[in-house]
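What follows is one chain in structure tokens, specifically the form predicted on its own.
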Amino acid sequence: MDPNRDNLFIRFSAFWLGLGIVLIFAVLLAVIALINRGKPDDFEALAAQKRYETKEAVEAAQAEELTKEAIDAAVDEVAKSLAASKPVAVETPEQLVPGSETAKRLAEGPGADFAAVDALTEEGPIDEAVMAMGKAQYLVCAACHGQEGQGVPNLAPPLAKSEWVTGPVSNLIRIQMRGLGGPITVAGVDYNLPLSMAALNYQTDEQMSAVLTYIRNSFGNEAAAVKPEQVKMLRSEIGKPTLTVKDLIQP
């Protein structure tokens, strides 16, 4: 038996030594808490800073490409267009579940006659009313392609002086119906953007023909108008996979 276990002096000293160690740790923890009080976690601060920078960059790009003046100028035309529109029954599936039986059936079905669509393209004067409607519809496109069709880096290629814009009408209509992804060359410059253009097939035949006519005759472009009947002929393209350049007619 260890005689030191019954030594009161040793037991008393051990007690106070243990208590002192606990107090030292408590003081250290309190000091650390005081130093870090009010300071966010370093990793969270870095992540938040990046989010704020991205938010500011997006807001700046939107403010530059879609100005309040441009929106105000188009409000009247958009309001008139909405007021004049009449509800009609949906005759084609505007929205499909990818991989569904309907989507597969449309994708595997016979393609439209693109040559017949392009054969309807006729040179002639451009209707100012159509251009006004197209300009109003272009507000959606401007967010990516720019107010002057100059394109936005890492987002969308230019429409200005683009051979794809002034080329076969069927290309433009099909892109509106199905969207476009993958690399593309515009005016000799290669683009391989990270995001695909979304389909914009919610537009009526008149709205789609108007906005396509507008971009074909703006930003230095000059080409024949797109007719609503040409758009209607390609409604069967809705629901098919996103297009790539190899699916289009070379301009």
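Source: prediction; values computed, not measured. Numbering starts at 1 and follows the sequence shown.
From this point on, the text means the form predicted in complex with ligand HEC, which you will not see here.
- Item | One residue of 126, 119, 75, 155 in contact with ligand HEC, assessed in the predicted bound form (non-hydrogen atom, 4.5 angstroms) | Filtering the options by heavy-atom distance leaves 155.
- Item | Close approach of residue 67 to ligand HEC in the predicted bound form, 4.5 Å, heavy atom | No - in the predicted bound form, heavy atoms of residue 67 and ligand HEC never come within 4.5 Å of each other.
- So in the predicted bound form, does residue 164 come within 4.5 Å of ligand HEC, heavy atom to heavy atom? Yes, contact at 4.5 Å.
- Query: in the predicted bound form, does residue 145 have a heavy atom within 4.5 Å of ligand HEC?
  - Reply: Taking the distances in the predicted bound form, the answer for residue 145 is yes, it comes within 4.5 Å of ligand HEC.
- Is residue 176 one of the residues lying within 4.5 Å of ligand HEC in the predicted bound form, judged by heavy atom distances? Residue 176 belongs to the contact set for ligand HEC.
- Message: Counting heavy atoms only and using a 4.5 Å cut-off, do 223, 233 and 251 all touch ligand HEC in the predicted bound form?
- Response: So, no: the whole triplet misses ligand HEC.
- Item | Residues in 169-189 with any heavy atom within 4.5 Å of ligand HEC in the predicted bound form | Heavy-atom contacts to ligand HEC in the predicted bound form: 172, 175, 176, 180, 181, 182, 184, 186.
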